[in-house]
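The same protein chain appears twice below, in two forms, each given on its own as structure tokens and labelled structure 1 and structure 2.
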Structure 1
Amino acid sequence: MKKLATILAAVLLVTLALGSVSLAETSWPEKTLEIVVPYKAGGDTDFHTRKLAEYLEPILGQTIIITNIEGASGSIGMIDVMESAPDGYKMLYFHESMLTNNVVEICEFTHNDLDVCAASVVDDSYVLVVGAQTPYQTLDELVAAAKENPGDIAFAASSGGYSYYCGRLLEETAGIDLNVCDAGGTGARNSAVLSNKMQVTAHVYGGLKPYIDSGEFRVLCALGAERNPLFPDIPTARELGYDMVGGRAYFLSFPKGTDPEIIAKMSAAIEQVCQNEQFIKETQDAYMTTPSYLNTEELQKRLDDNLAFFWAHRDLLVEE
């Protein structure tokens, strides 16, 4: 029996070793890779994709091209990748608006219609801002004004997107009635607040930074669970007495049916990028957030949990 156990143990070790060699020696990638960004160039998703690709290229030894396919709050680009061959050469870089799109029925698909790989950023830098021309200096002042004049204060959001969720979450948490409007993408939302057509919006700090730095936007609070060390003077909503926390993961996915060895190799490469000090610094400087790697299993669980959460709180995304 001892001899048999020894033989079995040896076989197991060899099997595990061969599996590791197989993963390490997979020939992918052997040609140019493509990552689809489901939005216009220039936004936060586009930035994080291009920065990730820049650092992945020397690790993978191949050129990575970025293709922007906008439409339907990111769903058109998502469908384009879903319909592509699962050969490892075309991928999607998206975030958790993929989930809210499903809940509000912009798109019938979710992350489970793709093979998720890994996240490179979990951005908890969301902030609530108002235009500098508004009289609101604090979140309490905004809430008080909304209670006095229900429906008069316009919140610039993107229908079905995370900004819309933030607006509705503010309403529910503070017990107020805002005019949460579909103002379009980030640029359109910013323009609406800058022109005072709308008064308040929410987005990642980096997407609003030029207007914050210029004084055109006033930050009322951050939506992170704790103060962000990159802008430590801004209090969280929780500190101010409003139990609101927001943030979203930016992640890479492959078409369904992609070889698990390819997914594992890309995930390992993304982990390596996220440990690169220069990549960390450039991400922090540009978007006031720190890269956060989630492996395939961690990412799958987060997306499963958040999809269930959004369905359970569908009333914050859809006004019946």
Structure 2
Amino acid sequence: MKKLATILAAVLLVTLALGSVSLAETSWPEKTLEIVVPYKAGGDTDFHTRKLAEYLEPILGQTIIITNIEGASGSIGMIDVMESAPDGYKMLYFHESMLTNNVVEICEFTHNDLDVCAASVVDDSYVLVVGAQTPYQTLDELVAAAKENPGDIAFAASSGGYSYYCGRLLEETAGIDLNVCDAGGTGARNSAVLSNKMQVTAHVYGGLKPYIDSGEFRVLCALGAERNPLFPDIPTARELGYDMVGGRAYFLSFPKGTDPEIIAKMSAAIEQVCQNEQFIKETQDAYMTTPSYLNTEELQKRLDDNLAFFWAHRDLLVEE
């Protein structure tokens, strides 16, 4: 028993020592950091960035400035960071639209043109909803109706965006023909379904919550791999027999050629933030999703896989 305790103590000491050594190797950050958000202030990406930055500041001991550089579905901000000095002081916080932008040929670059660091949020709160005026109570009923009248049910999407992918994914998985139409941004898509001009749409739960709560939207299924603990009553598409999963990672990356130690230190800091209960609660309250940390390796693999998947299923993103 005593021996075990000694070994444990030794392991602990070594771990601590190693830990402190790895932290001591780089003196970064020594000045103010900048994170670029490639969208307007006030959106989901902006929210996740600002929250992350707020909790990173005390860990890194430096001020973090957020700069919003919008344009071309996030590509302008991404290119801005790519072209910055890889000194570890300028970063990009973006999500997997970075991949779809490449597939729909908005942007010739991918995550491989950056040094990815870590993900702080993997939002799997996507849900499929119909307007309450529509007769469809379940996903099966919607599918049956679409089979009866192919192309008559309108799915509100935003061209080249994730909602468009969800609509096309539903068509492919269920073997049905919907009228997947461009309806613009979140607000415009919601009003199209509210007024019954279009019948179906998909979005993150948080973006639809007000209408779900008021009873104007009916949730047919969630697109997460498993039930979301924040809305446990909603079944996943998989449970209902439709094998489709959606969700997107929000992650931080540095310009190509950044010191791996800086990336490791930042990744460790992000991991620490993702365990902070206050951070978890604030993210859950605002966007109905739970922060989940992906380290550099996991993130790189996820992005590689998804990029290959999106290219293989290009027809789900681009209108032929």
Partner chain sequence: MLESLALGVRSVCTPVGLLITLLGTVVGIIFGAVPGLSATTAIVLCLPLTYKMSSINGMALLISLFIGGISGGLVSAILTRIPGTPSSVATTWDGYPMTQKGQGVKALGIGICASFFGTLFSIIVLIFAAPSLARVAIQFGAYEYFAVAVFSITMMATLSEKSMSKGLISGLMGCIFATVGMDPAGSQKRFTLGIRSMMSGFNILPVLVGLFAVCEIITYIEKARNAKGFEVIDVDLKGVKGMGFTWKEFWGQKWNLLRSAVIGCIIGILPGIGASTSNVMAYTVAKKSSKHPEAFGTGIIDGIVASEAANNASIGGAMVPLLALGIPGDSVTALLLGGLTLKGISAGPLLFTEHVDLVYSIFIAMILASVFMLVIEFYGLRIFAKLLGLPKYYMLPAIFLFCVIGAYGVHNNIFDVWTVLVFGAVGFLFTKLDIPASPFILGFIIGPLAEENLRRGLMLSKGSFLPFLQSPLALVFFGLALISVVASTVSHRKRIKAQKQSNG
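Residue 1 is the first residue of structure 1, and the numbers go on in sequence order from there. In this text, rigid core is short for the largest set of C-alphas that superpose within 1.5 Å between two forms. Since this is a predicted model, take the numbers as computed values, not measurements.
Remark: the form predicted in complex with its partner chain is the source of structure 2; structure 1 originates elsewhere. Treated as two rigid bodies, the chain shows a rotation of the smaller part against the larger of 15° between structure 1 and structure 2, based on C-alpha superposition. On a core-based overlay, I176 has a Cα shift of 4.1 Å between structure 1 and structure 2. Taking the core as reference, the C-alpha deviation of T236 between structure 1 and structure 2 is 2.8 Å.
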